[in-house]
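So here's one chain in two forms, each on its own in structure tokens, numbered structure 1 and structure 2.
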Structure 1
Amino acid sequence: MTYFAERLIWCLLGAAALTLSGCSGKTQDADTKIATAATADTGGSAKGDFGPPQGPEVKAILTSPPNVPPATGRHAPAKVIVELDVIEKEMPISEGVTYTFWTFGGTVPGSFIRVRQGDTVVFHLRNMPDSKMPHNIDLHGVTGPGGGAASSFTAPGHVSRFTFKALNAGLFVYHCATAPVGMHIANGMYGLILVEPPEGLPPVDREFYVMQGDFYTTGKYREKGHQPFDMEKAIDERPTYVLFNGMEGALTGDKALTAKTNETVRLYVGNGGPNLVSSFHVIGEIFDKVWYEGGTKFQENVQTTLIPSGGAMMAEFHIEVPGSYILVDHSIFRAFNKGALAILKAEGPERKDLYSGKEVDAVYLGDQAAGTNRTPITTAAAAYKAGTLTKEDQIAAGKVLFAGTCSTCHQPDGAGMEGVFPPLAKSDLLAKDPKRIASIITHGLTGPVTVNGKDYNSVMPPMAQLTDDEVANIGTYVLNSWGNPGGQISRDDAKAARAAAPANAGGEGH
């Protein structure tokens, strides 16, 4: 827009304002009024310097996910001390699967940091003596080269310190920026720092800290044992896991988030990446407000919101109806086949006027449903490794896996669905050739098939996401349940079935 065009618009607006003021007998400078309103609506670092710190030093309260520190409650800038430790440690990434994480504060994501706009933050980064790698920190809420990375390179057993002024309000990601940067982030080195606006945030009943990350292991999804980092998968952006808070099931079962009806919940959600964009959604809720991209503006009545890698957002919603609300990345295979799934349990009286009821959590949650105990899977894996695996171990593990993989179609009692999905209970198809179940699981079954004298013509897709252990355990459980002939499927049986051409993938007659 040219200078003259811009002045013409201002003049027209000014004339309109003067006309209105003339009707009321008042005179106003329209240019000044509009310019003041525009300035008042402008955020950014130009409004962020509130002078020197006032009062005594404040030591920041850091919390582990999913907890959030209390509001600062301050009305003036302060000198705030942040002490954050880098800890390299082995932790579970899934049931029976371990991974060596590099962490800020011993958790993935790292500790939540909360300060006020205008604060002077003195940041201490300590790298534990037993670390194998140097690390640093890049805080997206820092104004200065590298976001602090250039000032915080820290060798094992050392501590670095730098100071910054929190000029911009918002929710910001922090992460390690030591080369290779992608590897450090992929190993869990990220977290969130909230810079409150001077007036603070509106009070809510519950606040939770959730952060998504994609992980790259040499083994496939849920393959048991210790799994190293796979650089080739990371470069190709082929994650083995996509997780909330660093572990599959970190926010399900006994560790689910909790709230009550008639409460307002605020979620602080980040995406550490290093590669994927998150399509964040809460099944059964609508966000009343979303502060998109972690900034100071909000959108209302949002169903799903994008969170870029290295980005964040805040969302609020009011809970009216009790039940289990499922947090997912709505790039949906990530939720149900890579682990990006969490639960918020809301307790309170029913609201039949708003929702009739009948929860069917199994359809969404599978083996991550509230209360599901995945310990038998770990027990079976450990027994196999020790050479002591029994049929009973496999049956116990297979029961858990069946609930999450097969029960929706074949039903928990193996009865199937009349005219749609054939029964597994007292199945003459399985009795004729028990070992065939491994091939059916790995390759699927398509086309006409007769089971117990009744014809079916549906599609069972290949369960290629299952490991050989999982195929063997599910098969053993089915063969030893609901009046079936018994028997045992081994890991070798499953491996051979996977490698062979499907015996009857097209159904009978193929």
Structure 2
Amino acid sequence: MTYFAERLIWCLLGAAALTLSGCSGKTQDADTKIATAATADTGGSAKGDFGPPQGPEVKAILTSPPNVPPATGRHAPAKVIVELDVIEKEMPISEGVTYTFWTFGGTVPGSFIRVRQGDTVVFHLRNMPDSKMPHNIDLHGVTGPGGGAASSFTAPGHVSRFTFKALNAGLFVYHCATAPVGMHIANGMYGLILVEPPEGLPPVDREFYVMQGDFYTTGKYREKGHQPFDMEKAIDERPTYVLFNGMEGALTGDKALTAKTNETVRLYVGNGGPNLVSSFHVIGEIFDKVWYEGGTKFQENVQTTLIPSGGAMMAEFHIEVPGSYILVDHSIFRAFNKGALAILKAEGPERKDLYSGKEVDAVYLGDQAAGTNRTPITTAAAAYKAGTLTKEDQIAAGKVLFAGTCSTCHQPDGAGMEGVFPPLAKSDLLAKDPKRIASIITHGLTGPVTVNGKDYNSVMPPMAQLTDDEVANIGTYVLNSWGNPGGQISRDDAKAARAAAPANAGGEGH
């Protein structure tokens, strides 16, 4: 049934209070104008009342993230049964870290619900018998006080039922609203309900369900073991984690979202909060369309879109170029230091006409050449040629190179930065296998490492741009500085390390 047929039915059903003149079969133009006027007069929601449900009852298909239920495909209002379980359970929040989540449907975010505007939704909320808390649900797509909260208050081992008519189309957040509300949300009690417009949404190739949330644990970011909720951090809005889909790495590695080039992807993205606003961005893509705030209108050609806490949006983009696209909260420390990072992998043939990949990698010294005294480097190079290179030459050259390459992260005094960049000063990891430094420089290092009793699990990019000479000099400098054991790295050591397999962080030396 078309939208206009729909309107006709609605007119016949006697929504006369709005304006009957909209029903008397005039030109489309006039009709549109009147629809607009009606919207203004009524606040817009009564137009979603298409009368009583028709046809057989429908049981809503609920999906776990990142999956989205299929389109309802319905053209008339129906009675839709939703059965949602509240489950309190321990799950990983990061590698080696667990948290007691409170969930709708056993996942964070909770099950995705998809209905059509005008549907009558009969909502059953079941709280598992082994729950410790009562819970309820406030759906932002409900017209009625509390969005269902008071009617759905459910003790452990009980089930509640309430019914609402989905008057407004849009993408809506739902969440638990039991006191203390902030705590229930912080523990993962939120999800999305899509109310399709009567004509449905335009078909796309892939749909994904992603939801951001901020989490507060007593331990630090990535501190191992079971981590309880930290009320004080939550009140101060100092999250330990900011995550997509409830767990660091929920959508990376082999759990990354996948698509193919030439496909159109639609993301349904919500923000459960409880505190932060998301600056949602996909690195390397431009949203062709964004239904901002989950509403009816779309904006086009958007780079970053704001998703309020307790809000949502839909974004569509066509994929032209294959590769990995990174979903982030562009408040960027959240992405790289609190976990707000997901990956969409697109497969397909290269499109060099659209994106070349790296074309030039030439030396560009810029100001660095003028500002830095590079004499020790040239001295060392000349000494090497003459066959008179000493350890002292290497240390002097390595010192200059270290300042230009490594000190940004490891700090000029090699002290590192706690929890982020491990120290090179008195590093027990280096002492165990001093020659390994050549491999670490040329191949980089990823995965968990322990240095001087502290755990790190981050990424050092490979410094493959350095020549064998430079690697040898930096390595020798580090080994002979800050209480490290001494020793020497030769050009041949560097060459051999570059050719060998990368140093594995999980391997020996860990």
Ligand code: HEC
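For clarity, every value in this text was computed on a predicted model and none was experimentally measured. Between two forms, the rigid core is defined as the largest C-alpha subset superposing within 1.5 Å. Reference numbering: structure 1, starting with residue 1.
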{"item": "Which of the two shown is the form predicted in complex with the named molecule", "value": "2"}
{"item": "Is_shifted G398 between structure 1 and structure 2 (CA, 2 Å cut-off, rigid core)", "value": "yes"}
{"item": "N187: Cα shift of 2 Å or greater between structure 1 and structure 2 (core-aligned)", "value": "no"}
{"item": "C-alpha of K435 moved at least 2 Å between structure 1 and structure 2 on rigid core", "value": "yes"}
{"item": "Inter-form CA displacement between structure 1 and structure 2 at S490 - rigid core frame, Å", "value": "28.7"}
{"item": "Cα shift between structure 1 and structure 2 at C409, which is computed once both forms share a superposed rigid core (Å)", "value": "7.3"}
